[in-house]
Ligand code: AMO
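The data below hold one chain only, encoded as structure tokens and taken in the form predicted alone.
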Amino acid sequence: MLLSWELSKHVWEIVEIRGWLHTVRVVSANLAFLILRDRDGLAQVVFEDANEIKKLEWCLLWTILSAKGTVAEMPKGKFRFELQKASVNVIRKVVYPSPIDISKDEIHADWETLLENKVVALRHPTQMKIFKLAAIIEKNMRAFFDQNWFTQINSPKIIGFPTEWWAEVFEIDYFGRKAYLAQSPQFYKQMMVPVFERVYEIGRAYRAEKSNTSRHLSEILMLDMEMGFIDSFDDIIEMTEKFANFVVKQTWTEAEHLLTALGATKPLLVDQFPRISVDDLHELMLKETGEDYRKEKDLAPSEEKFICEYSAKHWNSDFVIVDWFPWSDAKFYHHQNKENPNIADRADLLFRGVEIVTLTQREVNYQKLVDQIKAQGQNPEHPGLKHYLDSFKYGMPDEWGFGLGITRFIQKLIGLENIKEAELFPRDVQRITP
């Protein structure tokens, strides 16, 4: 049994393929064209026997079947190779009409209809390509860290203390105790640095932010990493640049056919990404657009979009790093810059209009970490913090880490309008099914 992509290797041979009925067009009693979908893509099957065509009566979209015929090359056809003089075996007939038509090149349905019928929509060839590409991207992310001596870990998603209490959390009843769905593996990946020195994780994170935008989800797929024994903040930047370049280049080499079919544009890449401080970006934004964000501690969405467009035009890079974030906006585990105590050793990596990575050097001095927790109004004696703080009490090297939203990266690499298009079954403020 062959897959559709293997037909080119068997011209003029009699072969069999199987899959789902994608479309069928009956021209006459003795001629019909069927498009069959398998896990690789689409193949055309030509029937010239009235008895075989009759077997297809009342077979609706997604009927499961197999077809046997002679492989022919059709240089001018939409499908370069097809099965001719075919016979068909209807394995399982579908008699229920599809809720959306996915036989065309594009799905013509509104967002709500599409999301409600995602089980069917995912069978469309374009949807298949998006998630094949997503699998390749995730594989290449793992490959980078594996090649750089990182160990993969898997941390708990039910936690006793919010890793980021300033963000909205999903609170749950855990056998009569208060617990939370993890917003990130922040504590656990840091706790593993004294074990493996370099660790990474790909897993789910949960944010109860009431943001119903094209860039936010309530359940997100995250790549998190942590690395010990660094010498300077430049080590952090350099590793991030190598990672981003590796993933983009490797993915484009391996999956150019998918990216091209999806209409993606190859990113502009440089070895060293352009860098700009938060204050300088505020000033540049004011100068170029008249919008004034100089009193803001973080970047406005319009600033992220602006600096990415500016970087592509003037610095020939679709990636840009923004650094020198104010210490007054730092999280308790951030490291305060030694030369300038008004800033944190933190940077954001922006890509095509949005932040995809936040990277920070961590505070590893136990007493200073305790003081920073207290300064932010939290209790370092809380049971949810005890084991985390023990990691620093018993020896932690200088270290850093980042968190990357994988789905957002996929969205921007392909050029999709909405992050929900890059998520199999998206969870947002409105939807928890299918």
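Each residue number is its position in the shown sequence, starting from 1. Given the structure is predicted, the values throughout are model-derived calculations rather than measurements.
We do not show the form predicted together with this ligand, though everything after this point is about it.
Heavy atom of each of 209, 222 and 333 within 4.5 Å of this ligand in the predicted complex
Affirmative, all three are within 4.5 Å.
Close approach of residue 189 to this ligand in the predicted complex, 4.5 Å, heavy atom:
Heavy-atom contact with this ligand at 4.5 Å: present for residue 189.
Closest heavy atom of residue 47 to this ligand in the predicted complex, within 4.5 Å or not?
Looking in the predicted complex, residue contacts with this ligand do not include residue 47, since no heavy atom lies within 4.5 Å.
So in the predicted complex, is this ligand close enough to residue 216 to count as touching (4.5 Å, heavy atoms)?
It does: once this ligand is placed as it appears in the predicted complex, residue 216 has a heavy atom within 4.5 Å of it.
Applying a 4.5 Å heavy atom distance criterion, does residue 362 contact this ligand in the predicted complex?
Within the cut-off, so yes.
Which residue among 356, 320, 281, 199 has a heavy atom within 4.5 angstroms of this ligand in the predicted complex?
Among 356, 320, 281, 199, a heavy atom within 4.5 Å of this ligand in the predicted complex occurs only for 356.
Of these, 369, 32, 404, 36, which has a heavy atom no more than 4.5 Å from this ligand in the predicted complex?
Only one listed residue qualifies here, and that residue is 404.
Pick from 49-57, 377-385, 63-71, 394-402: which stretch has a heavy atom within 4.5 Å of this ligand in the predicted complex?
It is the stretch 394-402.
Even though the chain is shown alone, can you say which residues of 234-260 have a heavy atom within 4.5 Å of this ligand in the predicted complex?
Residues within 4.5 Å: none in this stretch.
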